[in-house]
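We begin with a single chain expressed as structure tokens, specifically the form predicted on its own.
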């Protein structure tokens, strides 16, 4: 990719700052211009040529102001990057320019012991934040399966839900994000403090409409979760049992159902080898007997694996959400995936897809809450057979009532509900008047341009 951005002029503006690290080697430019988009053969083809011309790492808010001002002055695109654990190319610089690493801002600024709210800088790792919260008897409500290495700002800007969604829904649901400190991309960048309502347009916006420097999040009381597995020989029974679990009067933090051929490919810590479908659970200790009773009632095999050990790195949460895809791709790179909310009732649709596609589609379900109602989401493993085949599968799923969140698209809207969010577009107009932040990712701006 060839560009004509005046990087040398920008370097002149920022190179004297001790709080701005400059990374210009070819290996650094390539490394920090990609995430895990190669989960998608479609994105791998589209994004592999995209590369930054300069990577910077500010270590203070003041340094971010300097970079923002210089990029505006020279009209250079600026793409923000957390830990780069996303799968959709959120931090890939489509137009080149500058990639700004936000992991130099990682302080926990404040914890409110009364409300449990925490204010933290954008580059803080979720693992570190959660460990600090546990010391105060709290924990994060939502986490991605990459929680050990993902940053809090990257999760809010590029994620949607994950571990905890069975109880707490999705990141954009009101109540999770209660405030943001952002930096605008203008001639004289401003530091703005946004309340929960004003912050919503920057939630899951891929860093296209404002530079997040700190966030205020709600938390929940800490529970020492127990790990459990339930094996079912019959898929219909497994789905029904999963739904019973999510609607029971128990505290759940994770409820994952994997088709038997997926279970075969998972690491040993998933439990003993089996030819059954498997439900993975994180639940409160007082819910164990209820889950056992419901399982035994249909002849399923229940096993309590004991308290979760967060230090071990080989727990059940490491097998859920897109880590399931990670493990499947570890054995065969031809596996990719889809994301969808299943229609109700769910079984008919899944059975019809299975009849058409056989073992080229393997079901992976996650219990979630949408608008306060328990639902089943799916991240089915899909054997890559080309784009026409993938489109045919997505169209069939849509025709049968599934809502697709397309992980093979690069825009915020196509990866979400598929509609333009006017508030996101308006926020970009206000906070990024030259449209320099992560250009090419907000579909509403592309349509209006």
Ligand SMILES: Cc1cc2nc3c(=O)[nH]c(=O)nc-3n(C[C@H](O)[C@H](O)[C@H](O)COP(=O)(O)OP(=O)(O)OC[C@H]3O[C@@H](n4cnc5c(N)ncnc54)[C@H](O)[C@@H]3O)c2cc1C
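Positions refer to the first chain, counted from 1. None of the values given here were measured: they were computed from a predicted structure.
Omitted here: the form predicted in complex with the named molecule. The next part is about that form.
Taking a 4.5 Å heavy atom cutoff to the named molecule in the predicted complex, the contact residue among 133, 368, 150, 228 is 150. Contact with the named molecule in the predicted complex, defined as a heavy atom within 4.5 Å, holds for exactly one of 83, 203, 219, 295, namely 83. Heavy atoms of every residue among 39, 144 and 438 are located within 4.5 Å of the named molecule in the predicted complex.
Within 4.5 Å of any heavy atom of the named molecule in the predicted complex lies no heavy atom of residue 189. In the predicted complex, the named molecule lies farther than 4.5 Å from every heavy atom of residue 93. The named molecule is not shown here, and in the predicted complex it never comes within 4.5 Å of any heavy atom of residue 166. Mapping the unseen interface onto this chain, residue 122 counts among the residues with a heavy atom inside 4.5 Å of the named molecule in the predicted complex.
Of the candidate stretches 277-285, 85-93, 297-305, 239-247, only 85-93 has residues whose heavy atoms lie within 4.5 Å of the named molecule in the predicted complex. For the partner-free chain shown, 321, 322, 323, 326 of 318-349 come within 4.5 angstroms of the named molecule in the predicted complex, judged by any non-hydrogen atom.
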